[in-house]
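Before any questions on how it binds or moves, here is one chain, the form predicted alone, in structure tokens.
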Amino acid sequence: MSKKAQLSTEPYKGVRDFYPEDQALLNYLFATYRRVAQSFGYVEYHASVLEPAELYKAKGSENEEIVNEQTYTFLDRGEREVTLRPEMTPTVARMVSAKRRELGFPLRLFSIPNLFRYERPQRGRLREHWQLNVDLFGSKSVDADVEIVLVAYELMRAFGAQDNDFVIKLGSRSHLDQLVREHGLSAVAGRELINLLDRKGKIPKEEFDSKLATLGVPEGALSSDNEPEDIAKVIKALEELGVSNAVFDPSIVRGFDYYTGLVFEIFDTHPDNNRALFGGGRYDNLTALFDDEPIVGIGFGMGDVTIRDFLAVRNLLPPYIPPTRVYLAVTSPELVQFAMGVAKELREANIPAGIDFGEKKLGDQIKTATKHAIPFLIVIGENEQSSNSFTIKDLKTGEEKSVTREELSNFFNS
């Protein structure tokens, strides 16, 4: 009889398995996201990963590549076309529009969704990732623009970044629209200009200059010296709040047509990771897909993959600290019930404790604790059971301390 073919242990291409250390890092990112967003008064929401495919098809021509080439779209059992969400902005726009009469504005929302895009996996980009989305609805004030950029800035600082570790590059879609009108560009040519600017850092300068000339736009028109008024106000306000690394960059356009004003991207300055990390901008018309009275908004998305790369090149990744504080090994299976009682008392004192079931030799049990990076070990034998005294071993230093059962919780909580 032929041997049955075994399934591969590899995950689907472009997605990740999160083992405990990986999940701990993700939890750290999420906790930092939440802490900073909530400190600005933003509240968390969530939604299903499934959306009607029409939600993305209705967004316009700039979304064709995502819809036609990058979405995971399928027919459900009711013959409805469904998409795994590739971004969160259309979802939050739908949700806000659905309850606009009940929500108070300005409305500050954030979410940490799982997003999916079928594209070629590469550094900083996978087919699945988690992303912090921060959105502010209901205000046209330039101060709302300032606040959103400030949230992004404070997130970077919360992860341990110094100001010289990143640059906040600000652009203006309204300024770009004005240039399109001034140079008489058609709608198609205007779209080509946006696409060209969006790819500026990814193509040779000669190619960029040539295509810009073909469109009839002089290079001087896109000089960083021509800082538009809306960006100048934001930069000045940020400087007054202690943010000194925000600059005007006319090549920052963000690809989507729904952006109408300020756009921005956070760039890593490290030579080993010199790239855009995340960004966003003002979108004043997106809810018009759902309502005759569009609600103005501004927001950004920060992905977990790019921020992890940022932290890695600067040695800012936090060390893995296992949640289990102590492991209880036993010299025989008959002592497991007694060990469970000791572990129960530790847990009641908020000390996470794991036990072994005595199915392996004591040396192998200790190896298990070491593999799980559990810091402390208690070996329970007949003497420990009869005396209710235990030796706690620090598995990192090898130091040992003997304590009574009554002193156990104090040792770990001291």
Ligand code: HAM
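Worth saying up front: this structure is predicted, and the values here are computed from it rather than measured. Numbering starts at 1 and follows the sequence shown.
Below, we refer to the form predicted together with the ligand, which is not included among the displayed structures.
- Of the residues given (260, 133, 91, 71), 133 alone sits with a heavy atom within 4.5 Å of the ligand in the model of the complex.
- Between the options 175, 108, 169, 254, the residue in contact with the ligand in the model of the complex by a heavy atom within 4.5 angstroms is 254.
- Proximity of residue 119 to the ligand in the model of the complex: non-hydrogen atoms within 4.5 Å are present.
- In the model of the complex, none of the heavy atoms of residue 310 sits within 4.5 Å of a heavy atom of the ligand.
- Under a 4.5 angstroms non-hydrogen atom cutoff, the ligand in the model of the complex lacks residue 83 among its neighbouring residues.
- Residue 303 belongs to the set of residues with a heavy atom inside 4.5 Å of the ligand in the model of the complex.
- Contact check for 42, 154 and 236: none of the three has a heavy atom within 4.5 Å of the ligand in the model of the complex.
- Proximity to the ligand in the model of the complex, taken as heavy atoms within 4.5 Å, picks out 120 to 128 from the listed stretches 317 to 325, 120 to 128, 340 to 348, 75 to 83.
- Although the ligand is not shown here, in the model of the complex the stretch 250 to 284 places heavy atoms of 254, 256, 258, 259, 276, 277, 278, 279, 280, 281, 283 within 4.5 Å of it, in sequence order.
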